[in-house]
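Presented as structure tokens, the chain that follows is alone, the form predicted alone.
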Amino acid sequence: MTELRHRFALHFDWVKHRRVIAGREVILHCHHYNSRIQHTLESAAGIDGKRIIREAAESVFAEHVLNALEAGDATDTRWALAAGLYAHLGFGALDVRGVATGRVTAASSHFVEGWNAGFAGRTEPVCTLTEGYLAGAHLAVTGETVAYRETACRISGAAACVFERAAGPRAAIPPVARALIAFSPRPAAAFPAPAHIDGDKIVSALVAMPIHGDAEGLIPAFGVYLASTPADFYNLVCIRFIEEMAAKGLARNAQRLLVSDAETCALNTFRGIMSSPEWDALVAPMLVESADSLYGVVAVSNALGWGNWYVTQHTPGATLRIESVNGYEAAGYRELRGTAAAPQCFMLRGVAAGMMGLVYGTGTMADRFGTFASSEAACICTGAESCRFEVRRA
């Protein structure tokens, strides 16, 4: 597998501030966010959240795995690449040696780690994304449309997660349909920032870090488990969740839940980053005033593939205005659904509140949650030039 890892090489698009692996834009998020998004969907009454996750994963990863394959690859090599991509992205370690008999196992799982951290005590299998990943990988490798289901999971004490192929073919999940949009970002010079905070230096250092799966297919970094997940997966999952909840008159509830998930992510991920040796070596020497930590966190976030955003107004400890010129949610919505009637950046909205709570809040992360409230005043997906967020004390 080592000689094939060049197919997973990271490319960072400096114009769009996007991370690209095997031809797909990927987003770095932590296990707190990924498990909470899953919990939000799977716990919502009246909708089938597991189906939404499986179908989004199957359609997105069928394309992603296919991107990593080449015409001359033997079947065994193709499956090894599928398992290698899964591990490289940080989802865990798949053993595909029994795939011909319809059985795949995993000795480690990003999703089990996430659920144990946030929702300990669950016994139902939690690797829903993996079910969709395997279906998508199977289509990419063999051209056959099949389903996989998790029949045992480490969350309930099993030695390994076990996935078994369902009998017989089934209807195919349509590929992701998108209409690419043109992107003309405003230059960073258009946004004032403290001269002593070198955002490009911070982004360059983080992009150069080897943030990919280890021997267990996991990415333990900054006190959390990270994973590189295609932006299209997040966008499809969140858009479909809101659409299905809206059909029940619960769109606002769905949106609030997604904002809450993102705030939790920001508090935990950036807490780990600010406590890390990398922060102490790279960012801390740039900090002159207390408010500079916020600018440092924003610079770090611009290396995660979310897009690029900048502080436009800040009263330390009180208010924040922040502008995103290429957030993956807004761009994704435009590509997948067209123009929206209202802003759609629920992740960035929650993160904006979480960053303020982290920098200016006190006590535990639970104490800081909800100390700041955020709103999206304008959004690219409604036709605005950029997405603008306003944060204030709750």
Partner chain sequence: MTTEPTAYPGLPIGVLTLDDRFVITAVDAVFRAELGGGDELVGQPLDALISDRDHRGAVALASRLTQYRGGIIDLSLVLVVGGSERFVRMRLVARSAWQYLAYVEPGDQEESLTYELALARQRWAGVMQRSDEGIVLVDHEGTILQHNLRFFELMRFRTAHGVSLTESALDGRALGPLLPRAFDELQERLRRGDEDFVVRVETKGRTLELEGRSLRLPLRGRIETLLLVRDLSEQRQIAERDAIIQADLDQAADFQRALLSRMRSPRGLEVDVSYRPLQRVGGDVYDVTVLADGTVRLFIADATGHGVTAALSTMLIKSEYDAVKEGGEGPAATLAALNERVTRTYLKLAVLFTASIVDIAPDRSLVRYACGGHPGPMLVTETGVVELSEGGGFLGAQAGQRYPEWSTAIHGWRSIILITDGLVEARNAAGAQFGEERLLAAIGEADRRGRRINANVLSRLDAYVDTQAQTDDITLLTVRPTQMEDS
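The shown structure was predicted, so the numbers you read here are calculated from the model rather than taken from an experiment. Residue numbers count along the first chain shown, from 1.
Another form exists, predicted in complex with the partner chain; not displayed. Remarks below refer to it.
Only one of the listed residues (200, 124, 144, 289) places a non-hydrogen atom within 4.5 angstroms of the partner chain in the predicted bound form, and that residue is 289. Contact with the partner chain in the predicted bound form, defined as a heavy atom within 4.5 Å, holds for exactly one of 253, 312, 77, 105, namely 253. Note that among 112-120, 162-170, 299-307, 201-209, the stretch whose heavy atoms approach the partner chain to within 4.5 Å in the predicted bound form is 112-120. Candidate site formed by 5, 53 and 236: none of these residues places a non-hydrogen atom within 4.5 angstroms of the partner chain in the predicted bound form.
Under a 4.5 angstroms non-hydrogen atom cutoff, the partner chain in the predicted bound form lacks residue 69 among its neighbouring residues. The partner chain is not shown here, and in the predicted bound form it never comes within 4.5 Å of any heavy atom of residue 342.
When the partner chain is considered in the predicted bound form, residue 29 lies well away from it, no heavy atom lying within 4.5 Å. Taking the partner from the other structure, the partner chain in the predicted bound form has no heavy atom within 4.5 Å of any heavy atom of residue 325. Residues 218, 220, 223, 224, 225 are the members of 217-238 with a non-hydrogen atom no more than 4.5 angstroms from the partner chain in the predicted bound form.
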